[in-house]
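As a starting point, one isolated chain is supplied in structure tokens, in the form predicted on its own.
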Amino acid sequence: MAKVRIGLIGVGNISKLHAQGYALAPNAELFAVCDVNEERVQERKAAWGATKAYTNYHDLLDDSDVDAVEIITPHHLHAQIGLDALAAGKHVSMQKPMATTMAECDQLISASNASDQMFRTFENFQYYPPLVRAKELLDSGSIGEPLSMRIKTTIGTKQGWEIPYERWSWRFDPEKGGGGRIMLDYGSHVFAIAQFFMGDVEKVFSWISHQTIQHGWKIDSPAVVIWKYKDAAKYGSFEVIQSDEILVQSDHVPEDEWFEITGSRGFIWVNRCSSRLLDAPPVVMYRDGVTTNYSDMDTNWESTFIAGCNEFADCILAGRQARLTAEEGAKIVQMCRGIEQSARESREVLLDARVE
């Protein structure tokens, strides 16, 4: 196999970054595109130079020239398409969240384990160069033994992408989005990073408020979440707020994140991710009375998709597993669901217990 021939299933807004990633991946070819909107899929085929276009994903899966698929559909469609793709002998990259229920996650895990093809959940934050650098610093012992992690998200005024109503509307539909816009859709990013840095989570507690925004949509913000890691007395927290009075400088979505990792000898801060809210070095480390700034890295959000697409193709050709496995993707969904349950029931939730 000279290049991995990729089929994109779902060609909405975010697929543009996947298409760019595969266009720049030396070991991949964006071979086919699929979407129920025939006009849009033909436009994408022409713009991206794809060989084939489909409006039914089953037809794409029947195409023997397609080696692997990237599934970028509304959440409620993930599990069935993923199961069908594995059954068709395709490698699968599943846009986060892996599924909307733990029962669906279990089905995908079983199908993945029974298949000779690779399944991964794609979560782009883990490829963001400042977060990658911070993880390298942490793993090298630069701030000693890790003790805690704090994540902050601000959602502000619209800037950057013109995000069509269609892209948002299904996210606020409980049936199609599968849950809270923040705690499941967006939370899949931040809770994946929480586990990426410091391991599996034992239990969670949360407070979640709900606001009515445009179109009568309900958003699960502001909110505060705390958790305890399985590894000894290590803790994490996440706070999200929304304010239309805060300008978020962005080429994409009007939200930004920053991260603080505390170690026994110091701190690491990552000062941006999705946007450019803070005018500060992307990574800052404090240790033993010395503050070190790190600015020698790419901070474009697009780079996360380029790296993720590269890894998927490279791992297929090398016969190794890409991040995140089906089991790891399920742990993220379990954490999202546990957080929602905690807020509903005003109690801590153990993640080893079944949460739907």
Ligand SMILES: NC(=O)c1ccc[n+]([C@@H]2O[C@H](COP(=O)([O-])OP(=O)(O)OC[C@H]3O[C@@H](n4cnc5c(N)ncnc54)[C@H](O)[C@@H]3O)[C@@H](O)[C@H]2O)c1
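Note that residue numbering begins at 1 and tracks the sequence as displayed. Note that the structure is a prediction, hence the values are computed from the model and not measured.
One more form of this protein exists, namely the form predicted in complex with this ligand; it is left out here, but the text below deals with it.
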Query raised in the report: Hey, in the predicted bound form, is Val36 touching this ligand, heavy atoms inside 4.5 Å?
Result: yes
Query - Any non-hydrogen atom of Trp301 within 4.5 angstroms of this ligand in the predicted bound form - result: yes
Query - Exercise: Lys52 in contact with this ligand in the predicted bound form, heavy atom 4.5 Å - result: no
Report task. Examine Pro74 and determine whether its closest non-hydrogen atom to this ligand in the predicted bound form is within 4.5 angstroms. Result -> yes
Query raised in the report: Which single stretch, out of 27-35, 59-67, 290-298, 319-327, brings residue heavy atoms within 4.5 Å of this ligand in the predicted bound form?
Result: 27-35
Query raised in the report: Among His189, Arg133, Lys228, Arg276, which has any heavy atom within 4.5 Å of this ligand in the predicted bound form?
Result: His189
**Report entry** Contacting member of Ser112, Ser221, Gln95, Thr154, with respect to this ligand in the predicted bound form [4.5 Å, heavy atom]
**Finding:** Gln95
